[in-house]
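Below sits a lone chain in C-alpha cells, taken as the form predicted on its own.
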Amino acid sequence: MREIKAGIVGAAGYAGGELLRLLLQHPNVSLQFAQSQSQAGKPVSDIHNDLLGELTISFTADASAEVDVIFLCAGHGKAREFLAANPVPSSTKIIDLSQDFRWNESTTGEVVETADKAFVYGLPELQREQIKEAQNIANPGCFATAMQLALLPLAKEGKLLQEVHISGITGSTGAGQALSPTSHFSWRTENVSTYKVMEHQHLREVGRTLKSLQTDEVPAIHFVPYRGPFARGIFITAYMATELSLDEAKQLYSTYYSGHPFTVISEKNPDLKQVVNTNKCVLHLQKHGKMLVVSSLIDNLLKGAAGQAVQNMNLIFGLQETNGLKLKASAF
C-alpha cells in the first residue's frame, strides 16, 4: 500500500488536534499540512502542547499542498465556505467533520451532489460497503453516533415500536474550543445543566437513519442532553418498551455488531473511562419489566469525531479498519 498524503483544514481546534495525534502514528499516512487561519505561522506544538517533540511543522494559512485526503475540521458552516473558495481536485477524497453535508445524505447508499461534490454519510456500522466506494464522507455527529449505535439493531429488525426516551451527558470539549459562558472551568466544574432539550440537532440524523432501516413508522424519540463537569466523553441511556427478552435483545445486538471492531457489548455496567481516549463504543443492555435499557458510551472527540474520520479514511483507501486506531483507555 502506498503512503497516503493527508492534510487537515481547521487543525487548531479540538477535533483537528485529535486528528494530528492519530495521523502522526498512522502506519500508512504522511501529514502534508495543518491549516489554520487564526494560528497561521505558529508552531503546531504551541497550540497542541502535547505534540511538543512529536511535530515540528507550523500551521499554514492555506491548503495548497497536493494530498490524497483532506479532513475538514473548521467548524459548522466553514466546510462549505472552504470548498467554495478552494477547488479540490476530483482525485482528492474529502472527509468533513462538520454538519455541513451530513444532513443532506441518504443512508441507503445514495449520495447528494453539492458544489460538484458527492458525500456519503460516514457511520461504518450502518453502511460500511457504501463508505468503501465513496469519494467524500460526511462524518456523523457525536451524540448522533452514540444514539444510533444504541438503536441500529432494533431498527434493522423492525423492533422500534414504542416511543424512545434518551438522556445523555457530554464533556466540555463537545462545545468546541471557542470560549462560551458554559465552557469556562469555573462554571463547568461541579455543575450539570440541560441544553437543547427535545430539539438537539443530532436528532435529525438519528431519525433519518432509523427510517431508512425500519419499514414501519419510527416512533418518537425524546432526547434530553446534559453538559457534564468533565472534559471528554459521551454517556447516553436509551429506554423503550419491547416484548424482546434480555437474552433475545443481547443476541440481536451481538449479531448486528459481529465483525464491527469498535462496537463492544459489555455484560457489566460500563463507565466512561472505558472509552475515553479510544475509538470504541461500549454498549450495555438491561431489561426492567417491559423496558429495554441501552447504555451507549463513546469518546466525543474520537468515535464521535476524529477517530471515526480515520476509520472512514481506512475504509475508503482499502486499509484495515483498525489501522492507527488501536488505542487504549486510561484506567486511572
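Quick caveat: nothing in here was measured; it's all calculated off a predicted structure. Residue numbers here begin at 1 and follow the sequence given.
Keep in mind the form predicted in complex with a further copy of the same chain is missing from the figure; the text below concerns it.
Enquirer: Check for me: heavy atom within 4.5 Å of a further copy of the same chain in the predicted complex, for each of 34, 128 and 317, yes or no.
Expert: Checked in the predicted complex: no contact with a further copy of the same chain for any of the three.
Enquirer: State yes or no: in the predicted complex, is some non-hydrogen atom of residue 277 no more than 4.5 angstroms from a non-hydrogen atom of a further copy of the same chain?
Expert: It does: once a further copy of the same chain is placed as it appears in the predicted complex, residue 277 has a heavy atom within 4.5 Å of it.
Enquirer: With a cut-off of 4.5 Å between heavy atoms, is residue 68 one of the residues that contacts a further copy of the same chain in the predicted complex?
Expert: It does not: once a further copy of the same chain is placed as it appears in the predicted complex, residue 68 has no heavy atom within 4.5 Å of it.
Enquirer: Verify the contact flag for residue 152: yes if a non-hydrogen atom of it lies within 4.5 Å of a non-hydrogen atom of a further copy of the same chain in the predicted complex, no if not.
Expert: No, residue 152 stays farther than 4.5 Å from a further copy of the same chain in the predicted complex.
Enquirer: Under a 4.5 Å heavy atom criterion, is residue 286 part of the interface with a further copy of the same chain in the predicted complex?
Expert: Taking the distances in the predicted complex, the answer for residue 286 is yes, it comes within 4.5 Å of a further copy of the same chain.
Enquirer: Residues in which of 132-140, 81-89, 190-198, 205-213 have heavy atoms within 4.5 Å of a further copy of the same chain in the predicted complex?
Expert: This holds for exactly one stretch, 190-198.
Enquirer: Report the residue, out of 266, 64, 30, 38, that has at least one non-hydrogen atom within 4.5 angstroms of a further copy of the same chain in the predicted complex.
Expert: If I apply the 4.5 Å criterion carefully, the residue I get is 266.
Enquirer: Which residues within 2-31 place at least one heavy atom within 4.5 Å of a further copy of the same chain in the predicted complex?
Expert: 14, 18, 21, 22, 25 sit within 4.5 Å of the partner.
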